[in-house]
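First structure 1, then structure 2: two forms of the same chain, each alone, as structure tokens.
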Structure 1
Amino acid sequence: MPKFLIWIAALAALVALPHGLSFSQQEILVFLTINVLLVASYRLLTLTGEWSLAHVVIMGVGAYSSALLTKKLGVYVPVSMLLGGVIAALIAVLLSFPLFRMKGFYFLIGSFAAGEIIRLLWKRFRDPFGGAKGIKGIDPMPDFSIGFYKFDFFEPTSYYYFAGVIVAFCLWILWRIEKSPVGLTFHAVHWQDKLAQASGVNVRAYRTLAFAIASGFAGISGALLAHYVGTINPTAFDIDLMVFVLTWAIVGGTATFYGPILGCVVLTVLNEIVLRELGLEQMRPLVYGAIMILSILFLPSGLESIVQKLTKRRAAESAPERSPAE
């Protein structure tokens, strides 16, 4: 089947998907769409070889910023979402000054400490962050109509379409960045940092750039979440969610663009369909931990390696046999 027909079929399936689900499953679909952007943005950061534990807190920066801009200053919601991403990127640039004096394990611990400082600030100051209870009554996305379809954003289906368009556009930008010379330099900074530095590449500047871009898109995912649920608090962006993001990335694999997205989708389906149906939802951290350990032991390249093997096998089977040499 031609590729463009596959893409059209996939798009049609994504559009029709919420209409075959219950209300609660439609809500899960909205959260899954937002999490796809979160984990894809995290992968951009890992291209430079750095794994941060503050990515979920940075997502929270976008959520808090967008919520405050609408509540305190009356900024139009779509604009506040974009500004939430910009502010998250700026905070990442500020954090980069101390964090990129560290590498590897020290960067990991430093990013965790930086994220906890931001979370404690949200808890400490009731004005403007709402303290431990967070911010409630966040303005929703205003309803609008495009003629044949009216977007009512209290309905998860409408928000799924809205978030889907935003996330698809963001994924396209992330993909283009990775395929650009800047993305190739990110890879070089990861695998040949000394050689890249000797070639005139400012390694620290490129690490900062990757951190800022990834944080900007994480901030947009946080803004999408805030204006859907209508309330946010510091515990919504704690280390538990960060562990889930790490699990999605490790189980899916980070060698390809689709790897972390695949991990996010598979584990969400496992959690929301299998564990919930079995009444084992409370055991999700235990199950996720076991899956991460088993994945590292028996599938170190992640689920993406299975897809790559199947794709190569299919290509080999469909390739025409060479005619014997005369």
Structure 2
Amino acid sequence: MPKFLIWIAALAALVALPHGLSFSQQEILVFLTINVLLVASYRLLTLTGEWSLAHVVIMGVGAYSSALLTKKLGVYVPVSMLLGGVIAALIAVLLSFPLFRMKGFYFLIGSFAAGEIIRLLWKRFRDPFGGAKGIKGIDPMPDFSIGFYKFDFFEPTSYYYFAGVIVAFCLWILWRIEKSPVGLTFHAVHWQDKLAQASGVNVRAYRTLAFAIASGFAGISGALLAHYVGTINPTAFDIDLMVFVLTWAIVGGTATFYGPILGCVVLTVLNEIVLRELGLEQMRPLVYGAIMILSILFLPSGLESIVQKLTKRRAAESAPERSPAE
């Protein structure tokens, strides 16, 4: 099957998807779409070898920025979402000055501390951040019509289409960055940092660049969340969510672009739909934790390794058999 036909079929499936789901599953689909951007942006950061624990706080920076821009300054919602991403990237650049003096474990702990400082600032300053209660009554995306379809953004299907377009565009940019010389340099910074440095690569600048880009997209995901739910508070961006992001990335695998996305989709469907439908609501943390441990033990390269095995096998099966004469 030609590749473009596969893409068209995938696009059609994604457009039709919410219509085959229940209302609550449509809601989960919206949050899943937003989280796909969050985890994909996180992977870009991990390309340089650094695992930050501040990523969801940076997502919160985007959410708070966008919410405040609309509430206090009346900025048009789509513009404020974009600015939320820009502000998150700028904050990441500021954080990079102390953080990139550290590496590995120290960076991990340093990033956690930096994130907590931002969270505590949201709590400490009730004006403008709303303190512990956060901000509520955040303007939703304004409804509009394109003739054959009316976008009512209270409805999850409309917001899914809107968020889906934005997330797809962001994923495309992330993909292009990864495949560009800049992306290859990110890999080099991770795996051969001394060699890269010796070749004239400014390792710290590239780490900062990855951190800023990843944070910018995390900020956009935060803004998408804020304008859908209509409320944000510091607890919404705490370490609990960060553990989920790490779990999605680890269970999905970080060797490929789609690995963390796969982890996010599979674990979200499992946690929010399958276990709830089975009536195991109160056992979800236990089951979720067990699945994570089992996947690490028995699937150390993540879910992406299953996909790779399957696609390789299919490629091998579909390859023309060589004749003995050849």
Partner chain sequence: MISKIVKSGLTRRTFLKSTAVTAMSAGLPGASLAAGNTIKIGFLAPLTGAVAAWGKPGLDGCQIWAARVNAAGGIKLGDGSYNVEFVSYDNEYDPAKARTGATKLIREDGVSFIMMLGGDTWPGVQPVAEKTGMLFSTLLPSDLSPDTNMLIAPAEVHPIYNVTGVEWLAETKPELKTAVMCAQDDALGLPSVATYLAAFEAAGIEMLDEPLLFDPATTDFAPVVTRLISKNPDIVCLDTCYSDYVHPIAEQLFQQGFKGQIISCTADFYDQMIAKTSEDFMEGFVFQFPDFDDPALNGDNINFTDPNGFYEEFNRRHPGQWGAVSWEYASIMDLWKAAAEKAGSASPDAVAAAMKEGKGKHAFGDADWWGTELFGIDNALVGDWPVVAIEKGKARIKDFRSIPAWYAKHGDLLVKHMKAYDQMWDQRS
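In this text, rigid core is short for the largest set of C-alphas that superpose within 1.5 Å between two forms. When a residue number appears, read it as a position in the sequence of structure 1, where counting begins at 1. Nothing here was measured: the structure is a model prediction, and the numbers come from that model.
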{"item": "Between structure 1 and structure 2, the form predicted on its own", "value": "1"}
{"item": "C-alpha positional change at Gln282 between structures 1 and 2 - rigid core reference, Å", "value": "4.0"}
